[in-house]
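In the block that follows, a single chain appears as C-alpha cells, in the form predicted alone.
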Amino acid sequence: MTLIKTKFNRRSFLRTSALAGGGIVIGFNWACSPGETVRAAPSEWFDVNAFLSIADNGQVTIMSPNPEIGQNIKTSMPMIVAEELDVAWEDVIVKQAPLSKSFTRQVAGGSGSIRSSWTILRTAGAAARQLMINTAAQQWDVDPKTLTTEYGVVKNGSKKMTYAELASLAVMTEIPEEVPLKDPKDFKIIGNSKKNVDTDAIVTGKPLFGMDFKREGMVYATAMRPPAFGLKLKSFDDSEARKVTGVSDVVQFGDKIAVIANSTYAAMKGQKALKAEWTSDGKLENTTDHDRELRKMLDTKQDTPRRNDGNVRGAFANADKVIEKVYEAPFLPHNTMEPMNFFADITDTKAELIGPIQTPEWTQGRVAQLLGREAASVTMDMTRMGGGFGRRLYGDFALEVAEISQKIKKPVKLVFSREDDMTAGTYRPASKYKFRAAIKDGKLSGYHLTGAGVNSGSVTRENWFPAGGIENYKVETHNLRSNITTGAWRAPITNFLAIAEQSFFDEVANEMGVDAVQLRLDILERAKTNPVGAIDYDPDKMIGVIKLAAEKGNWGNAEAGVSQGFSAYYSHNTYVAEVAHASMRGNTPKVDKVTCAVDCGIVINPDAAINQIQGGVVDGVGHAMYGDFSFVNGTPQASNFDKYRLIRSKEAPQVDVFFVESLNDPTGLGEPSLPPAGGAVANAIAKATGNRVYNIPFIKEEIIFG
C-alpha cells in the first residue's frame, strides 16, 4: 500500500458549477445488461470532488478530463478513478469534462494523457473512497482503519453502508491529507478489458463529434484561404457567391474570405463561386528547392554538435570500412477522418466555443487574446474527435470561427472541406538523415548522424538509442526555415528518424556479418554496463522488448517464402520492438504480419491498448509505403484522396501484440508503435527483394516495386 498526499483542500477539490452544468457532455451507462431491470433514476447527486459524483441510487458519474481523440482515454481515465474508489464498473456513468482549472494537463498529445494523470486520477478515487470510510467511521464511532470497502460498500464486520447512503454526509467531511493507494496486485478494474463507453453511441450515430454539433439559430461557414503558401489576398469578387441559394453573407477576415450560409453545402458551393486575386510577398517555395537545401545541410558541419562523444574523427580515419547512407522523407498532411470544424458564439457578453480540439486551454488563451478578453471569459467545451494525429493541436480553426462569429454577430459553425484540410493544413515537415558508421576489427567503432528538417528545430534524439552504447558517437542537426506551416504529426520527428535509423542498423549488421537483433543487443549491453555519456532511456527495458519480439516473431526461423525485418524504438517513455513478415506477390513484396512487443508499464485496458498499438503499426506501415506530398510554387500538389495515397484495408497487415508484464506506472501508447513499423518493413523488403529503400514513400522505389 502506498500513502500519498492529496494536495487538495475542500475548496479546490469541489467541482465547479460550470462543470456540473454539463453543457454538451454526453454520458453512457452500462449498468444494465440485456434482461436486467433498470434501477430507479437518481433523485439527487452529490459532488464528491472534481472528478466524480455519487447518486442516491448508487450510480457514480466520473468525469473524463482529457480530450478524446480515439485513444480511449474517455474510458481508461475513469477506469483508474473507479479502481481506487472501489466501485463496480457497471455502476459508472462517464462524461466528458469541459475545460476546467480543476484538472491538470487537459491535452491530447505526446501520448501523455494517462502518463501525466496516473497519480492524480488514482488520488481522486482514493480520496473519495477514504471520505466514504471516514464518514462511515463517524456514524459507527469506530476507527476508520478497521473498515474496508468493496464495490461501493463500506464494511464493518456484518455492518454495511453503501456509498449512496454515505454520499450526502461525506460531502461535508474534510478531505484527508493523506490517502492510501491500492497495491497494483489488488486491481480489479485496471488490467481488465472494458468496452469503450462511446461504442454504442458511435455505432448508432448519436451526436458525439464536432461535425454532429448543432445549435438552434446557428449558421454555417466555409473559408477561402490563400491557394499557395506565400500568397496574400489582393481583392475578391463575391457577386456570384452571394447568388447561391442559402448564402447569406460573405466577409473578409485577414487574408481569408468566409462564406456564411444556412447549410454546409450552400457555404461550400458559395466558396467555389468566389473569385479572388492573390499577390506574393516573396519567393514561392518548391519541394525541389527544399530537397536541394536539405541535402546541402547534410554535408554541413554544425558549429556545436548536439552530441560528440569520444574521438569520432579518429574512429573514421582508422576504420577498416565506412558505411554511409542517406534517407529522405516528404511533407505529410494529417488527413483526419473528421475534417477540421468548430462552433463559436461570440457576443459582447460571452465567448462560447465548442468542438474537437487537442489543446483546449492553449486555444482558449489564444482566442481570448484575439478577442481582447480575459481567458476565463472564454468557455471551451470538447467534443469527441474523429482523429487528430497532431493536426488538432494548433486550433487555427477555432481562432478562425471566433473571428467570423465576432464579425457577423451570430453563432456559427466553421467546416473545412477535405480540400481545405489538405491544402491549408499544418504538415509533417520534410526531413533527411545521413548516417555514417565506422567498422574496425569487425566492431562498430564510430557513429555519426546528421539530420536536417524543415521548420523542425532539432530533428534528432541524440540521447536515445544508440547513445551510450558506442564509444565514438556524434550527432548534428540542421533546420531549414520555410513559410509552409509545419507541426507535430503522430510521433513527431521519430516517425521518420526511427525508419532511417533502424534501416541503417540492418545495413551495418549486414556489412559486419552479424545478426541484426544481436547487433542491437550488443550496443544496449554496452549502454547498460558501461555507458558512454548520458542516456535518456532504459537499456534493460529495450533489451526486454527486443528479446520478446524476437521470440514471438520467431526471428531467424521464418517460414518458407517469408522474409523478416526487425526494428526497435523508444519514444513517449515506451519501448516497442517489431518483426515484419513479408512475402512476394509476383514481383511485389507484401507485408503480411507484424509481431509487436511493448513495454508500457501497467496496461489499463488491454483491448484498447492492443487497438492503439495495432492502429499505430498500420498507420506507420501505410505512410512509409505510400505517403507522399509536395509543393510547387507554394501550392500543395494533392488536395484529395485521388492524388494522395493511404493504405487500404486489404493492405493492412495482421498485427500480433505482446506486452511485457509490468507493475510500473503506465507510459504512452498512442504513438510509440508507429516509429519502428516503417523500419521493420524496410528491412523485410530488403531481405525479400535484395534491394534497399531509402525514400518515403517506398512505393516510389521502382527498383523494388516496378
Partner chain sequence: MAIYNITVNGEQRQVDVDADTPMLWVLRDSLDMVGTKFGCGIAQCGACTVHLDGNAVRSCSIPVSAVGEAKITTIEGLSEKGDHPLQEAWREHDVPQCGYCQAGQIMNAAAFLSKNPNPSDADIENATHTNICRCATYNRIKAAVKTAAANM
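Residue numbers count along the first chain shown, from 1. For clarity, every value in this text was computed on a predicted model and none was experimentally measured.
The same protein has a further form, the form predicted in complex with its partner chain, not shown here; the description that follows concerns it.
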inquiry  = Heavy atoms within 4.5 Å of its partner chain in the predicted complex: which stretch in 412 to 420, 595 to 603, 536 to 544, 131 to 139 meets that?
reply    = 412 to 420
request  = Would you check, heavy atoms only and a 4.5 Å threshold, whether Q564 touches its partner chain in the predicted complex?
outcome  = no
query = According to a 4.5 angstroms non-hydrogen atom cut-off, is S445 in contact with its partner chain in the predicted complex?
reply = no
ask   = Does any heavy atom of D200 come within 4.5 Å of a heavy atom of its partner chain in the predicted complex?
value = yes
message = With a cut-off of 4.5 Å between heavy atoms, is E651 one of the residues that contacts its partner chain in the predicted complex?
response = yes
ask   = Among F629, W489, F103, W464, which has at least one heavy atom within 4.5 Å of its partner chain in the predicted complex?
value = W489
Contact residue in the predicted complex, from V107, L370, M584, M211 (heavy atom within 4.5 Å of its partner chain) = M211
task = Verify the flagged residues K195, F389 and L646 against its partner chain in the predicted complex: is each one within 4.5 Å by a non-hydrogen atom?
result = yes
Within 4.5 Å of its partner chain in the predicted complex: residues from 502 to 517 (heavy atom criterion) = none
